[in-house]
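Single chain ahead, by itself, as structure tokens, in the form predicted on its own.
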């Protein structure tokens, strides 16, 4: 997931020749402007026949949509620029895609002209300058800078290092955690009566009801629908050790109650991650297993889709991006997608969930023709009518114009919640650091050890992770402080 290479050029920008052909980095950056002006006037590709390859995530609808929509771009390119272009799509699972891209890019290959990057990979792609630093390109391409719906979009899908003005990606798919619930069960008169009798409360019925719901209140709903004798359970979320699954679904338990995972300015982890509130978060997430089917410890994205669509769970904490798979034809009209519950009680309760989503990144080793066509494609992608078509096909756009349409909320069952969770403060991303994979591997192992009972002390788990991650960042030259001496003997 992460590169161990150092910067090969300065951060001031890439030369046209370096960007287009991967040559010397000392040349002028002015060429991007010349390239864009040519594209707007008389394309240098007129009469050419080109092929572009996109590398994306296997089985992920948003990744495939770019290619499925490519015939529209091909027609556009033919009419506007006078060249022919077709596309192919290579893929790999989340857990293997970065390595597949890195193996190719490390050889300075243009095997994949465009790569769909998970947001956390930006640093690993950017540090060795494998992808185009797009600041200068964006200045020349107003069509690539639509107003985003929320400020967190650029911070999540474009920026590395965190907090800087350096941009390396363009939003491909926005994504947030949503709560999928069986609307038909909620509205069943017998279920409503039974819930009222048991808890002296009404079952939540509307989006607004769920927007005000806390985890403590939702627990009653999950408990009510947990019926092992009928092979029905109250909810599901992701506990799998694979990739970042458990981490993404544990973080809301931490962040929503004020916990932090590091200081991105100093790269300090120890003393921040291993806190009492985060230890309680581990215990809280483990507690929820009682409302889930056997095997929930292995749940990732696909497993959640299976149990929800098979009617084995009433609800599911799941990514908005998989809405098309979560709501197949058989469940249309029977599912409501709502904000996941707040954590805490009363006025102090809040929700801070994990951002998902991916970025487009441009291969810095594309030759001149492929780079030109890639830029043409990106400029086309952010046109309003294209983003609207993307939304209608099930993609989650990020531009304010599309999301602010009066009909946007009704285009897809999850769109209202998607917008709600995009609001600043309700969702956040985590590390974009080049050492992402090493840091992730440590905590995936440790968090899983607690959920499975291999380790019983949540603070010991957090101490272990904090020590290991502090050492990783110190050795990388990012953290100012090394791990304390007490870390030398720590183990799970």
Partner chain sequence: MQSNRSGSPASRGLLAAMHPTGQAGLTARFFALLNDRRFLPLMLLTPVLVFFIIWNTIPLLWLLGLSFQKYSLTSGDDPAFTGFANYLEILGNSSVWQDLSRTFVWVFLSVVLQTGLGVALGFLFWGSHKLPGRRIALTLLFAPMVLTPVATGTFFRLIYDPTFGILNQVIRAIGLPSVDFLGQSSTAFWAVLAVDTWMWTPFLMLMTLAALGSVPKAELEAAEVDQLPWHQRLRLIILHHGKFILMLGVLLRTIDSFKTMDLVLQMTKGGPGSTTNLVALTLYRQSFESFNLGWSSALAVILLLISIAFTSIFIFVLNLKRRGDAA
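Just so it is clear, the structure is predicted and the values come from calculations on it, not from any experiment. Numbering follows the first chain given and starts at 1.
Below: the form predicted in complex with its partner chain, not depicted.
**Q** For its partner chain, considered in the model of the complex: do all three of 293, 299 and 434 come within 4.5 Å of it, counting heavy atoms only?
**A** Every residue of the candidate spot has a heavy atom within 4.5 Å of its partner chain in the model of the complex.
**Q** Does residue 128 reach its partner chain in the model of the complex, with heavy atoms at most 4.5 Å apart?
**A** Although its partner chain is absent here, residue 128 would touch it in the model of the complex, with heavy atoms inside 4.5 Å.
**Q** Can residue 456 be called a contact residue for its partner chain in the model of the complex at 4.5 Å between heavy atoms?
**A** Residue 456 lies outside the contact set for its partner chain.
**Q** Quick check on residue 464: any heavy atom within 4.5 Å of its partner chain in the model of the complex?
**A** The answer is yes: residue 464 has a heavy atom within 4.5 Å of its partner chain.
**Q** Within 4.5 Å, heavy atoms only: does residue 183 come near its partner chain in the model of the complex?
**A** Heavy-atom contact with its partner chain at 4.5 Å: absent for residue 183.
**Q** Look at the stretches 386-394, 416-424, 266-274, 235-243 and give the one with heavy atoms within 4.5 Å of its partner chain in the model of the complex.
**A** Among the listed stretches, the partner-contacting one is 235-243.
**Q** To verify the annotation, which of these, 53, 43, 449, 64, has a non-hydrogen atom within 4.5 Å of its partner chain in the model of the complex?
**A** Flagged contact: 449.
**Q** Can you pick out, from 331, 211, 378, 307, the residue that has a heavy atom within 4.5 Å of its partner chain in the model of the complex?
**A** In short, 307.
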